[in-house]
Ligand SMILES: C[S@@+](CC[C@H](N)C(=O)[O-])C[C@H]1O[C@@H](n2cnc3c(N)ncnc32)[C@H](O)[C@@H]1O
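First comes one chain, alone, set out as structure tokens in the form predicted alone.
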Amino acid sequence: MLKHVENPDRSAGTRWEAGRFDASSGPPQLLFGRMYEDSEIEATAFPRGSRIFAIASAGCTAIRLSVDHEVTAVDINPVQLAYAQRRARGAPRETGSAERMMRLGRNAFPLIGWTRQRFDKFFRMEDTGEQFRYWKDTLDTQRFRRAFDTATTQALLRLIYARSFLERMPRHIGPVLRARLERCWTLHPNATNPYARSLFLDSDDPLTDMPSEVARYAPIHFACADAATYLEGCTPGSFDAFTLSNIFDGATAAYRERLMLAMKHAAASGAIAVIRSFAEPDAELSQNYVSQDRSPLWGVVQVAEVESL
């Protein structure tokens, strides 16, 4: 059943409530047309038949998990939530703010010597050693490194993102992201990695763009609400698993603490949570699953029992 709960809480203490990447006070926007998170992390971590709480985002993870689980998908952004609902009914992928910004970056590829032919070859590779050598020899040029590091300076990013989205990012994000790309090339074959491919090629991909028959999957319960508020109103023990995307990026420390407490309130015994972040891992993070996520974006992919968080 598709359920849309109106009147989301607007005192969340998280920048996501604005429904925009920038700091303006305009109406909420569609931020993500697809998700850049490897849902196989969740599919592996969550026992079959789990009751899952998910951040809706573009709907990809919720739809993937609905094959084997009972999923509740929540988003504070009504535009994003409505889009996820459409996708759960089989609607095609749309372009969000994230994709428009990436498209602008792709327009500069010819200036640094990157061609579609080179990418077509690169993303057909199945041997990680071969693709890492191709990256270093052909694509990781001085022009690319200089342009990428310049485009990701804090001064330029502040023109695009609200300050709260940048607080948890490494200050010099360019070299950090380039290192994450190299990690990805050495671990995951490009030919079976739609998450890396979607960052460089603006094309449909059957592995991440859901087919029209998704409507046959188990119904997803959708709610337009702040995640912490929603979980605080749940009966204790309501959920066996949580997938929170990178909701903590852009949230205040007070909100992060509140959401943790709300999860513990709503979690069943032994419940598992998956939390991602652009931030580099803290020293106290005991185990980071980031190398198992085929998306090269993340600094942290935490998979842990809720009680231990």
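Residue numbers run from 1 along the displayed sequence. Nothing here was measured: the structure is a model prediction, and the numbers come from that model.
Beyond what is shown, the protein has a form predicted together with the ligand; the following relates to that form.
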| query | finding |
| --- | --- |
| The ligand contact at I52 in the predicted bound form, heavy atom, 4.5 Å | no |
| 4.5 Å heavy atom contact, N77 and the ligand in the predicted bound form | yes |
| Residue contact check: A227 to the ligand in the predicted bound form, 4.5 Å heavy atom | yes |
| S66, heavy atom within 4.5 angstroms of the ligand in the predicted bound form | no |
| Partner-proximal stretch of 246-254, 279-287, 42-50, 264-272 relative to the ligand in the predicted bound form, 4.5 angstroms, heavy atom | 246-254 |
| F123, F144 and L199 all contacting the ligand in the predicted bound form, non-hydrogen atom within 4.5 Å | no |
| Stretch 22-44 - residues with a heavy atom within 4.5 Å of the ligand in the predicted bound form | F32, R34, M35, Y36, E37 |
